[in-house]
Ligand SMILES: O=P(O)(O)OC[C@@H](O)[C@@H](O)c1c[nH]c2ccccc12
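Next comes just one chain, in structure tokens: the form predicted on its own.
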């Protein structure tokens, strides 16, 4: 029986096929080559100071449906950056998350911090496309890729100057991410089959990730206490979407997650 992830990726492939017909591979490669160099996201996530926040521009999700309209993604991203976010994550998947590459363009033009293209990467075209639109970071979901695909896309990300956030959900996936040599590993507390969140997943899996890698806790952050729990379990950074887009003042909300008021 197909999982939620299977259904999402099926739609991603259909939409990708449309974009590839509209813009040939050679054209997107040229655009990526002409783009300004990628920013160093790993450096941003390892800088001294408070826990790092990856703040997400997220309109909806498969688990919660509509979250926020976000009429101006650039304004939201600027507020995140003003609050101290180290990286801005932009959902570009349209069917389930309501995102677009236009959102990525708007955010890239508005902030100087590294930007993550948050999508379901299944082909090299998407990585070149991400770079062409100014992304500095891309997401690689271990559950969505076999070992050769994961290796090839991880290698290409490095060749394009981008950082790969390699996402795992269980022991086997975490070990695959570590064996890959990933330098930024996300542990997602959300079960991709049931969409339920179990924050204990991070504490269970984090010890499998070497201290030389950046450990990113994903899903389940409702407030500062959840961030503190993740940090106590070894998190270097947290990726937060829903709590920020539904929590009122986004600048202030990022500051609170980082441990205090904004400057």
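Positions refer to the first chain, counted from 1. Just so we're clear, the structure is a prediction, and the values are computed from it rather than from any experiment.
What follows is about the form predicted together with the named molecule, which we do not show.
| task | Using a 4.5 Å heavy atom cut-off, state whether residue 137 contacts the named molecule in the model of the complex. | result | Although the named molecule is absent here, residue 137 would stay clear of it in the model of the complex, with no heavy atoms inside 4.5 Å.
| request: Please run the contact check for residue 131 against the named molecule in the model of the complex: heavy atoms, 4.5 angstroms, yes or no? | output: No, residue 131 stays farther than 4.5 Å from the named molecule in the model of the complex.
| Does any heavy atom of residue 58 come within 4.5 Å of a heavy atom of the named molecule in the model of the complex? | Contact check for residue 58: yes, within 4.5 Å of the named molecule in the model of the complex.
| said: Just checking whether residue 240 would be counted as a contact of the named molecule in the model of the complex - the rule being heavy atoms within 4.5 angstroms. | reply: Residue-level check for residue 240: yes, a contact with the named molecule.
| message | Given the stretches 106-114, 80-88, 182-190, 149-157, which is the single one in contact with the named molecule in the model of the complex, using a heavy atom cutoff of 4.5 Å? | response | Residues of 182-190 come within 4.5 Å of the partner.
| request: Within 4.5 Å of the named molecule in the model of the complex, which residues of 93-123 have a heavy atom? Give them in sequence order, or say none. | output: 97, 118, 120, in sequence order.
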